[in-house]
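First, one chain by itself: the form predicted alone, in structure tokens.
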């Protein structure tokens, strides 16, 4: 990504301005979005996806459709302008560093559900010049669309392809609109928010609640006796690109 001097100084000025505004830190309290309150500091949300169970139903899209409907994610025919919160890719694409020479061809071709990894050390947060993206105390990596200036640094920094940019007005591609969740506009970045608006009401993420096969689990990773931690103790799990040091908190049971 090339940046000319004029654009660089414009970004620097905007960043300095944001830092000088009282209370302008990009925190859930000033994001203006429903349900954006912080969870207790002892909470660390995580997700576990049962790959063998999910692979038994490769054409299932229930979780994706529920997420899209609940969060007003547009369905744009032009793949160049695609916006995605949850999507599927082949195992070999999702785990390029973990595909051995003798990996089962069946496994390599099966679709893997992907979403924002809500990393412990998210690369996207460090590069955002306006603090439009930040990590909450409970580990959820958030987006404030009002503060996003569309520089797309976070997209370049994210090693998982978990962020989308609104090249066109997404509102024109909504088949139906959920009035309880905000829509976005042209020129901003968006991604999975782990259904933070539902977590604030002690409800599971939509993908967890709507999966008809019980293949998606969520829970508090900070508590050794939580159901999610017990599941990870019992089953072998892998993560996407763990060697990068971002510490993704989405686990795949294999």
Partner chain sequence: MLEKALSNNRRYWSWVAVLVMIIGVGAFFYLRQLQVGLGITGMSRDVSWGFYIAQFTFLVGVAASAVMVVLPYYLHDVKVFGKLTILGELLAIASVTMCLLFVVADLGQPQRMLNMIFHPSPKSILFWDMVVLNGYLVINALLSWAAIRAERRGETPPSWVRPVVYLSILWAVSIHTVTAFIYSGLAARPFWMTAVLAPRFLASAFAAGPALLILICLILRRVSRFDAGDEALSKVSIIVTYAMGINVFFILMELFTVFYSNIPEHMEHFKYLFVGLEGHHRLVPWMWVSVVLAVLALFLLVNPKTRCNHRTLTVACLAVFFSIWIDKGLGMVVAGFVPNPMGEITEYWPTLPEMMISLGIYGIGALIVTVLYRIALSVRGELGA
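Since we're looking at a predicted model, the values are computed, not measured. Positions refer to the first chain, counted from 1.
One more form of this protein exists, namely the form predicted together with its partner chain; it is left out here, but the text below deals with it.
The three marked residues, 89, 114 and 147, each reach its partner chain in the model of the complex, with a heavy atom inside 4.5 Å.
By the criterion of a heavy atom within 4.5 Å, residue 204 is excluded from the residues contacting its partner chain in the model of the complex.
The closest heavy atom approach of residue 167 to its partner chain in the model of the complex falls within 4.5 Å. Among heavy atoms of residue 163, some come within 4.5 Å of its partner chain in the model of the complex. Contact annotation: residue 185 falls within 4.5 Å of its partner chain in the model of the complex, judged by heavy atom distances. Only one of 120-128, 172-180, 134-142, 68-76 places residue heavy atoms within 4.5 angstroms of its partner chain in the model of the complex, namely 120-128. Contacts with its partner chain in the model of the complex, taken as any heavy atom within 4.5 Å, map within 64-83 to 79, 80, 81, 82.
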